[in-house]
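The form predicted alone is given below as one chain in structure tokens.
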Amino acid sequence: MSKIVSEEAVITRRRDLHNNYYSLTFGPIHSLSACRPGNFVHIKLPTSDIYFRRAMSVAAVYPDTNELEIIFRVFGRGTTRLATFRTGDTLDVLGPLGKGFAKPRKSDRVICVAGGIGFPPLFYLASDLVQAGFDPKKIEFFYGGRSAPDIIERSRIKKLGLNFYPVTEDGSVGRTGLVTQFVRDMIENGRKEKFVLYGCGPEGMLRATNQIGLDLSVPGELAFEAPMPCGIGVCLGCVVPLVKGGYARVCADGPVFKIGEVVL
């Protein structure tokens, strides 16, 4: 495990992505070189009535400026408070934390399955692969949501040059239905391909992606989300049951687990 560092970082860019989604870029982050797709950071909010830090997936890193970007959606007191910070404000950032995604082989055809706010770690993964020279046309990026406002950063995804498939339940953008049904169709129609699955999103989407991997014998990894009060495996507030028996801590043993590893 890489060294975990607590740093004071200044917000250098804040974007309102609409529908309660926000992007914060901050730095300098001196531990940036240790950060990998799938890692997260723990942010301490400088306020007296919110005690625990907030775990946030990393959406992007910018080595040239020593900056890191998170994307989050407001859904509780902590994220509501986080959304109030502006450019120039300072945050206490602990990280990088957790186990990241394993890299695919060059011969693999990568399928990313993102749902809602599960988008950031998969965007980081796809960006990192493209920057490392992985053929973007061998990356299939599926992104599902209830309606168009849930599919954020579409132009940014397209700029990577990969194959992008937005899917909405109401058909307001992209294909209509559940994202996992189209993932299953692609794999079933391309049996000779060496697919590898990567997923992050709501539990129902993770369960369906996990089942696709098991049914069609496709390896892969899923990034889990859970309440993580401590972020380093001490409080046991984020345990999940394992198929082999026992439990694992999402923050310290994950958040990335192999398909078929966790009971879903």
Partner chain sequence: MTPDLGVSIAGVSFKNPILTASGCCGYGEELADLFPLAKLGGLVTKSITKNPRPGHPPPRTAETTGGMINAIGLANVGIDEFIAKKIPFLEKQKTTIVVNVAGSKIDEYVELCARLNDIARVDMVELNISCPNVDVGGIEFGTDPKLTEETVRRVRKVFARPIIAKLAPNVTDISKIAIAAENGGADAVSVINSVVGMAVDPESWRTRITNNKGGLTGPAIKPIALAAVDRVYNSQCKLPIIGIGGITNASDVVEFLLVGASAVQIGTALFVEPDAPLKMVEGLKRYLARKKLSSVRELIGKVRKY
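If you're wondering where the values come from, they're calculated on a predicted model, not measured in any experiment. Residue numbers count along the first chain shown, from 1.
Absent from the display: the form predicted together with the partner chain. The rest refers to it.
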In the model of the complex, segment of 24-32, 61-69, 224-232, 194-202 with a heavy atom within 4.5 Å of the partner chain: 224-232
Contacting member of L178, L94, A83, V173, with respect to the partner chain in the model of the complex [4.5 Å, heavy atom]: L94
Identify, from the list K158, R146, K106, R77, the residue with a heavy atom within 4.5 Å of the partner chain in the model of the complex. R77
L216: touches the partner chain in the model of the complex, heavy atom cutoff 4.5 angstroms: no
L264: heavy atom within 4.5 Å of the partner chain in the model of the complex? no
Give a yes/no on whether K44 approaches the partner chain to within 4.5 Å in the model of the complex, heavy atoms considered. yes
If you check in the model of the complex, is R53 within 4.5 Å of the partner chain, heavy atoms only? yes
